[in-house]
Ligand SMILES: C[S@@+](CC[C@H](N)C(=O)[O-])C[C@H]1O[C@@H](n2cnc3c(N)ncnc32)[C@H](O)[C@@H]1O
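Below you will find one chain, with nothing else, as structure tokens; this is the form predicted on its own, and questions on how it binds or moves follow later.
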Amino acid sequence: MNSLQVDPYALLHTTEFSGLARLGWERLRKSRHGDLPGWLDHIDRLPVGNFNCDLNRDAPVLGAPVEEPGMLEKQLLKLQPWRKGPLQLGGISIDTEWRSDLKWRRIAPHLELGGCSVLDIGCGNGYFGFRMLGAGAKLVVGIDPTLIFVMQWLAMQKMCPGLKNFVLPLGIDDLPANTKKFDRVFSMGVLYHRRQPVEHLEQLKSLTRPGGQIVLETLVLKGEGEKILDPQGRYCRMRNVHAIPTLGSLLRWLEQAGLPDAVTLDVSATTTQEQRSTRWMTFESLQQCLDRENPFFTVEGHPAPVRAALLIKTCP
């Protein structure tokens, strides 16, 4: 049976977010992506798993080990690039490009997710959603317009059905404005891709319940005061990086968006141990984007990536 003959968002339809479930399901069914038939064929070949999971660990366990791990690994490799993880899927260890567990360790001690509904913007394949469920969240709605990440989530859902962590093929601009429904809203690795950063912060506020919290993680520029790096061309070989602020400028943006109650949780340089090529993501990664002679700079001559994570409270 084709993986899209059954609505993968059926559980989400039973919640207050049924409108998002309908929107995501419609977008997925109507997709005309040229690789979609092949991806669905790989997913159809995966065995159906059971509700066997252990989410509160660096590499969440999804599904019991299968009888033919070689066949499973072959199909999962065809769904690359696997960028967020690590993961254990049906007994197969997936060594993703990002050691996302390191980011999670930096922010998790500051989070209170018990019983919360969570929106994860730019969620990728849903790795952080599994960690959020492991930390007590009751429901995670992830959105990401990159279809291969939705396919990876479908594969994980097939191997470990029933988890209330959803990945919808949507962007933030697809969401209804000013819903104020989510207890927690995460935006990690998104802000610097937005042409209007203050507008993005305002959108985060409009999606969060009064008295809720926003977790913002983004590239920042080292230095005091208010400065903004506006890369002309590429940054770390990425085309769509529009503005990298100092913490001072970022806090000013938050004030302009009506979010003055922000606490900086962490500021860390991204290392080639945290982001690197693997057999599950064979394209170039951070090492190829840094100056060979001086890794404190990118190949374009900009400061190398530094990321800050902030916890922001909305007014009750």
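All residue numbers refer to positions in the sequence shown, first residue = 1. Since the model is a prediction, treat every value here as computed from it, not as a measurement.
Although not depicted, the form predicted together with this ligand is the subject of the following passage.
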item	value
Phe128 within 4.5 Å of this ligand in the predicted bound form, heavy atoms	yes
4.5 Å heavy atom contact, Gly223 to this ligand in the predicted bound form	no
Interface membership of Pro197, this ligand in the predicted bound form, 4.5 Å heavy atom rule	no
Proximity of Lys227 to this ligand in the predicted bound form, heavy atoms at 4.5 Å	no
Single option in Lys74, Lys180, Arg237, His193 placed near this ligand in the predicted bound form, where near means a heavy atom within 4.5 Å	His193
In the predicted bound form, the residue from Leu113, Leu79, Ala243, Leu170 that sits within 4.5 Å of this ligand by heavy atoms	Leu170
Among 87-95, 154-162, 227-235, 139-147, the region lying within 4.5 Å of this ligand in the predicted bound form by heavy atom distance	139-147
Ile43, Arg45 and Gly63 all contacting this ligand in the predicted bound form, non-hydrogen atom within 4.5 Å	no
Neighbours of this ligand in the predicted bound form among 32-66 [non-hydrogen atom within 4.5 angstroms]	none
